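There is one chain below, alone, in structure tokens, taken in the form predicted on its own.
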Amino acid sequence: MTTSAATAGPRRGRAVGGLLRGMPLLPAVVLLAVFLAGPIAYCVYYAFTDMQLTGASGTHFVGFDNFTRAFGDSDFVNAVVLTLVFVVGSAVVGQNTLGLALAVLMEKAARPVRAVTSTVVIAAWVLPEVVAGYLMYAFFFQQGSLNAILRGLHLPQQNWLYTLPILAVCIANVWRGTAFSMLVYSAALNDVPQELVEAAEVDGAGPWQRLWRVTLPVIRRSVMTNLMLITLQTLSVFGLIYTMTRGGPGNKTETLPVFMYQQAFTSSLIGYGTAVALVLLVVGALFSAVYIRMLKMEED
């Protein structure tokens, strides 16, 4: 009894000490529960109902009907395909590659060149999404800047937002989001040991070989982290596309966020639109799981 009482006292003290140390985190936990976990749980509930903004006398639980309808809907399948094209084209290939290229080139550039390039690239990144969308609309539409340039060069023009809409919004997202990748890779390149680069140069390795065999293996964790972050950001892009094309012409640029908005607020099908949002959340989680798994493989 005496031994038990003697050991129970320090245990209670440690428990109380742990609670006291955790008290400063309580406001943050409450805010996350109210403004993040709460709305997500509410959306999960709505995804299994037939809630509508107008025309319905009440909300009823419908089980998996919204999800069954989605996967049988050709417009939903089209939105999934366009979302994958948009993410791979504008983020994985576009922003990632161009950001790495700019970071590598700026590493050897003169200070004024670095300053001007950084200012121009970052200026596009800090613009609000809707403002960037309007600027790119003014660039691509039939009487826009791009056709004016082509006209001055006596080259054929076209209505880019009608003939190649998904390419236009991909280029717009690359233009707006490349700055993030450039900053990530600029920081990562500073951690590459210069003696490795110099040793490879002495051994006769050219710039491309040094990049492929020395630089990229050293910064591979930064590459994976950057890919994960820009993928998740691009999955949620709505304002840029909606400002430029509203998902059109037809549904040629209707990615999942735009399709979700159209169903929930244009067609007033809140339950169905929320189910689509939940699918988008799962897609983002799958992308995150893949990237995190690849990061762990790098550690092993």
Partner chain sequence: MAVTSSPRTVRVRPAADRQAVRGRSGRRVATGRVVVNGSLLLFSALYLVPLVWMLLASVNAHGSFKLTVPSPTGANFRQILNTDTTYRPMLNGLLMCGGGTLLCVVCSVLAAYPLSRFRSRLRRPFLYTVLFSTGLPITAVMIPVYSMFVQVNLIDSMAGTTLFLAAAALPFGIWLMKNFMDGVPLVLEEAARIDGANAMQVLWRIVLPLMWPGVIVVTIFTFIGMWGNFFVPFILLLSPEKLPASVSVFTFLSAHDQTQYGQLSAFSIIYSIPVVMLYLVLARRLGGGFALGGALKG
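Residue numbers count along the first chain shown, from 1. Being a predicted model, the structure only gives us computed values, none of them experimental. Just so we're on the same page, rigid core means the largest C-alpha set that superposes within 1.5 Å between forms.
Keep in mind that the form predicted together with its partner chain is not shown, yet the notes after this line are about it.
Engineer: Given the stretches 162 to 170, 81 to 89, 143 to 151, 68 to 76, which is the single one in contact with its partner chain in the model of the complex, using a heavy atom cutoff of 4.5 Å?
Structural biologist: Careful reading of the contacts points to 143 to 151.
Engineer: Does its partner chain get within 4.5 angstroms of any non-hydrogen atom of W212 in the model of the complex?
Structural biologist: No - in the model of the complex, heavy atoms of W212 and its partner chain never come within 4.5 Å of each other.
Engineer: Does its partner chain come within 4.5 Å of any heavy atom of V218 in the model of the complex?
Structural biologist: V218: no contact with its partner chain in the model of the complex.
Engineer: Wondering, does N251 line up within 4.5 Å of its partner chain in the model of the complex on heavy atoms?
Structural biologist: Output for N251 is no: heavy atoms all beyond 4.5 Å of its partner chain.
Engineer: With the partner left out of view, is P156 within 4.5 angstroms of its partner chain in the model of the complex by any non-hydrogen atom?
Structural biologist: No, P156 stays farther than 4.5 Å from its partner chain in the model of the complex.
Engineer: Across 185 to 220, which residues bring a heavy atom to within 4.5 Å of its partner chain in the model of the complex?
Structural biologist: Contacts from 185 to 220: S186, A187, L189, N190, D191, V192, Q194, E198, E201.
Engineer: Could you tell me whether the Cα atom of V30 shifts by at least 2 Å between this form and the one not shown after core superposition?
Structural biologist: For V30, whose C-alpha is compared between this form and the one not shown after core superposition, the shift is 2 Å or more.
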